[in-house]
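Only one chain is shown below, in structure tokens, and it's the form predicted alone.
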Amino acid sequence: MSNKITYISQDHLITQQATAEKQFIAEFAKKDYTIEAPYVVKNPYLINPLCALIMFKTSEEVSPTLTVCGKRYSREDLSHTFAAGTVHRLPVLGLYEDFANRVIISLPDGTTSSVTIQTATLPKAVCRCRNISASADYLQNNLMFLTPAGKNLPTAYDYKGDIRWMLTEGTMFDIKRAANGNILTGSNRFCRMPYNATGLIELDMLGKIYKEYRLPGNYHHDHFEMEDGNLLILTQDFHTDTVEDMCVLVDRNTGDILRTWDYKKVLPQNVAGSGSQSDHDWFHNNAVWYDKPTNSLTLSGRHQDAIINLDYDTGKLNWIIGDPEGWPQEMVDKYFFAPVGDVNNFDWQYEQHACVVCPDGDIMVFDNGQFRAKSKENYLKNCENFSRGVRYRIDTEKMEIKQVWQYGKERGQDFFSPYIGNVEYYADGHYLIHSGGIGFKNGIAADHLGAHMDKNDPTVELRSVTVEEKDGVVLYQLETEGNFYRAEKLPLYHDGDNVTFGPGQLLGKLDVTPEFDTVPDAEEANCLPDSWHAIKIEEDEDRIVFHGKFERGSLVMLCLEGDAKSHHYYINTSAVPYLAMCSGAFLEKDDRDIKLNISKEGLDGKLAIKIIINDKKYDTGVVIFTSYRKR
């Protein structure tokens, strides 16, 4: 094999979508399309193969209804009536894969038209439904949306387990519906290991991105839309020695950071750790919830087995839910709750995810239960453990806590997820419980997280189980292949047209990537690096991502050399263990494969990309031209 450097330059997806949109709008303008012969664009925004856009005009203002016909009978139909107008742009959502989908458009005067939209088979990375127990009457027009925890893709299933929505880009962490009908989720753009993405994106169900909110500390795990539209987003400060211990409030319109909560200011970092805690990732914040009645933030800290509550205005600590073992006694006395009620059946939560504040102030959470103890000598094996959804009732005056509901303990290892999962509150007694990280090795609960397991090993089985329970009765259960981070039940359509033309926006900014001051002496090589290194350089509008394979312990440095100024970036080739891996989307099969993200913030001019490997400096032949400015 000859030595070769792979260089890929492409526009941001927002720009690609704007170009595609401009083209189909121009096509639509070329003639007067009617309901009888509408203009149809399949996958208009490039990343949702199970959707289309139908456009036509009418002489009078009318409210069209669009129906995607079910495969088997009319009860499976998905219908939506759109706002009145004379120019109609109708999102077609919920198409079946590899199928000639019949779509009916009807007007109030009885006029109807039928369109057939043929779809292709979905990518291999899609995880299929293994089993489902549900009814069309129960699920109605909702789908169950699952967000990926690995190389799988965001996917939504109907009551039969058929996939009716998906994205071909691996967006990150939770999907939540915003008040305007769009969805909020993490960008698929890698920024920093193990799973930090550039920011949060707002997109519609067609897959069109309206905004990306980039953050200097990147995005991870969770977000929350405030009543005024501003966004709470979990992040960190990479200029410190710790990660996943900050929350920011971001302006919805500008992407500016309005305020910051740093948990190091209210909690000790060297006490009461879970079995997965490290000095670097001491808190591991995986959920945020704002509660208006108490004007407070509730946050889940997996690596302290703790749910904490902060005053929104002052940032001061109000209380902590969790096993008090190992905490300073003065904190136990002031901030922790004492169990009351049926204490024999009371369990604390361990390495939990997805805290929710119920309307009456109760706290729900997915209790992963990993280790299920604070002391190593009491740790449970995964095959002897359980995960569950749990609801606690707290009295902040008496500092007492009562367990008022749980689901999952009775299912033992079959429902055990050592990482990831969530709960949702629909009404008292009506809940969703998603155990997303189930993994088996030779038929028993595996000792490793799913993201670290070999999916090609025939003795390994990864799955996800999502349950909805009402008044103690299971009304819905979905079991899929693979691990999924969270589950959300959502309708495909929302009030209004839910597609707006015009280019999306890149808001906020990435941080300046830290550089390395000391540059080792290295002999200039007159060849490219050996092809074994598999060097690939990806460039888009605001960053460069360098990929390469290097033996552990190699000295590697990336150099961006310019006439006026050069930039040097140290590449760590030592093995880095990740005790938490809530999304393995950026993991490589070979741990010698390295990725380095370099923000274009702070770069300017013509820069030649060179790479130092041990005692040789190689010119990759790639030259970039940067005059980066924030949009």
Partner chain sequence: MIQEINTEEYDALDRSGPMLVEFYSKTCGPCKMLAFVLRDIDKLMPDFKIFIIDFDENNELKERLGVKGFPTILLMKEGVEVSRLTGLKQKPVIIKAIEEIL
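Bear in mind the structure is a predicted one, so any value in this text is a computation, not a measurement. Residue numbers count along the first chain shown, from 1.
Keep in mind that the form predicted together with its partner chain is not shown, yet the notes after this line are about it.
Problem set entry | Proximity to its partner chain in the model of the complex, single hit among 545, 555, 460, 129 (heavy atom within 4.5 Å) | None of the others qualify; the residue that does is 555.
Exercise. Looking at 599, 573, 43, 58, which has any heavy atom no more than 4.5 Å from its partner chain in the model of the complex?
Worked result: Contact check passes for 573.
Exercise. Is there any non-hydrogen atom of residue 614 lying within 4.5 Å of its partner chain in the model of the complex?
Worked result: Yes, contact at 4.5 Å.
For this session: May I ask you to state whether residue 516 is within 4.5 Å of its partner chain in the model of the complex, using heavy atom distances?
Result: The answer is yes: residue 516 has a heavy atom within 4.5 Å of its partner chain.
Exercise. Does residue 521 reach its partner chain in the model of the complex, with heavy atoms at most 4.5 Å apart?
Worked result: Yes.
Problem set entry | Contact stretch among 222-230, 473-481, 547-555, 195-203 - heavy atom within 4.5 Å of its partner chain in the model of the complex | Selected stretch: 547-555.
Exercise. From first to last in sequence, which residues of 31-66 have any non-hydrogen atom within 4.5 angstroms of its partner chain in the model of the complex?
Worked result: The stretch does not touch the partner at all.
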